[in-house]
Structure formats: structure tokens, C-alpha cells
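Shown below, as C-alpha cells, is a lone chain in the form predicted alone; questions about how it binds or moves come after it.
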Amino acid sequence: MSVEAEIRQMLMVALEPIRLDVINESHMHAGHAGSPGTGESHFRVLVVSPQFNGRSRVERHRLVNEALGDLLRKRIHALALATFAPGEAIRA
């Protein structure tokens, strides 16, 4: 399974989002220091989840990071997050 598919699956289970966009941006970072050269290391994720209601941006990012666990620590070099509760204006 691709890293992109794993991200999607893990976040769907953990956060039950009403919107989830996972964009692989690895091609824009090919050859830069720290990039493993796998083509699956840099991602941009937009999540809209009811679980973010009443939570700060830091708390929301922690929920995402916890949901991704070892995948984030071992296979993802960079992760850009946009996290919103339903009804909030999306700035992506």
C-alpha cells in the first residue's frame, strides 16, 4: 500500500472526517537534504473533522500526528496540515 493510501486509511479511521485531501508533494522536493528519494515522503493534508470542534490548532495537529504514529516517524519526511472543524472557513 502506498504511503498516501496509508495516510488516508489511518485518518479516516481515527478522525472520521467529512473531508480529507491527501496530496503527495514529494516530486517538488526530489533531491533535497533529508528526502529519502522514495517519491512518498512529503505530503499536504487537509482534514475537516467533527473531532476538531473546540480544539486548538496544536491539539488538532497532535490528533493527526497520533493517528499516523509510526508512519509519521519512519516514512514521512514532511507533513503540512490544514485542520478544520465543520463549518469553519477552509483556508487551503
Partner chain sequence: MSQQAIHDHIAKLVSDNDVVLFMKGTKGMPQCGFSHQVDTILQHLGVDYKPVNVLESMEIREGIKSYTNWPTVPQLYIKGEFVGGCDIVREMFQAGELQEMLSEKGVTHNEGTMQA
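Note that the structure is a prediction, hence the values are computed from the model and not measured. Residue numbers count along the first chain shown, from 1.
Keep in mind that the form predicted in complex with the partner chain is missing from the display, and what follows is about it.
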**Asked** Is M10 close enough to the partner chain in the model of the complex to count, meaning some heavy atom within 4.5 Å?
**Response** no
**Request:** Indicate whether the partner chain has at least one heavy atom within 4.5 Å of a heavy atom of I18 in the model of the complex.
**Result:** no
**Prompt:** For L71, is any heavy atom within 4.5 Å of the partner chain in the model of the complex, or not?
**Reply:** no
**Prompt:** Can R55 be called a contact residue for the partner chain in the model of the complex at 4.5 Å between heavy atoms?
**Reply:** no
**Asked** Even though the chain is shown alone, can you say which residues of 49 to 65 have a heavy atom within 4.5 Å of the partner chain in the model of the complex?
**Response** R57, V58, H61, R62, N65
